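The chain below stands alone and is given in structure tokens; this is the form predicted on its own.
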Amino acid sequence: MSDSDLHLENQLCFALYRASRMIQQVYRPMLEELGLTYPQYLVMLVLWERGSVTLKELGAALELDSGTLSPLIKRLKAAGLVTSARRVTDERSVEIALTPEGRALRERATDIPHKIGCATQMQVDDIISLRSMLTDLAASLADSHTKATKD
């Protein structure tokens, strides 16, 4: 181990943390125009893709627990973008669905991915490659974490 191993700029975690913060800063003004926060935008992306989902399915897609999701859903409901109701077939399950306003908001959001791509100043192939590497990294870390908690 060298002294530089513990330098901040040499830490993968810091590079990821900083990139995450910066990308959220780039998203912020675009999302403010839509009346959304970044976490709310992630919820809306899932709903725009799938139509309606259970709270459990939404949590799995975003890797968030219901304690984190519930306030997000509550604010999206208050904004008139989603509904939530217990499923008739299973009272334990809460279904989240888009309202007409929530569906219409999708049109206003369609240019966001392109704007984010431009902000990165990267080629599309490089963005795709980076996303793939980050997905693989997350899967590897999840696997390592699972193994470590079993030991």
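Quick note: we count residues from 1 along the sequence shown, nothing fancier. Values in this document were obtained by computation on a predicted structure and should not be read as measured data.
There is another form of the same protein, the form predicted together with the DNA; it is not shown, and what comes next is about it.
> Select, from the options 62 to 70, 122 to 130, 102 to 110, 44 to 52, the stretch whose residues sit within 4.5 angstroms of the DNA in the predicted bound form by heavy atom distance.
This holds for exactly one stretch, 62 to 70.
> Any chance H114 has a heavy atom within 4.5 Å of the DNA in the predicted bound form?
H114 lies outside the contact set for the DNA.
> Check whether Y17 has any heavy atom within 4.5 Å of a heavy atom of the DNA in the predicted bound form, and answer yes or no.
Taking the distances in the predicted bound form, the answer for Y17 is yes, it comes within 4.5 Å of the DNA.
> Answer yes if any heavy atom of V94 is within 4.5 Å of a heavy atom of the DNA in the predicted bound form; otherwise answer no.
Although the DNA is absent here, V94 would touch it in the predicted bound form, with heavy atoms inside 4.5 Å.
> Taking heavy atoms only, is E33 within 4.5 angstroms of the DNA in the predicted bound form?
Because no heavy atom of E33 falls inside 4.5 Å of the DNA in the predicted bound form, the answer is no.
> Listed by sequence position, which residues of 29 to 57 have a non-hydrogen atom within 4.5 angstroms of the DNA in the predicted bound form?
Stretch hits, in order: T37, P39, Q40, T54, L55, K56.
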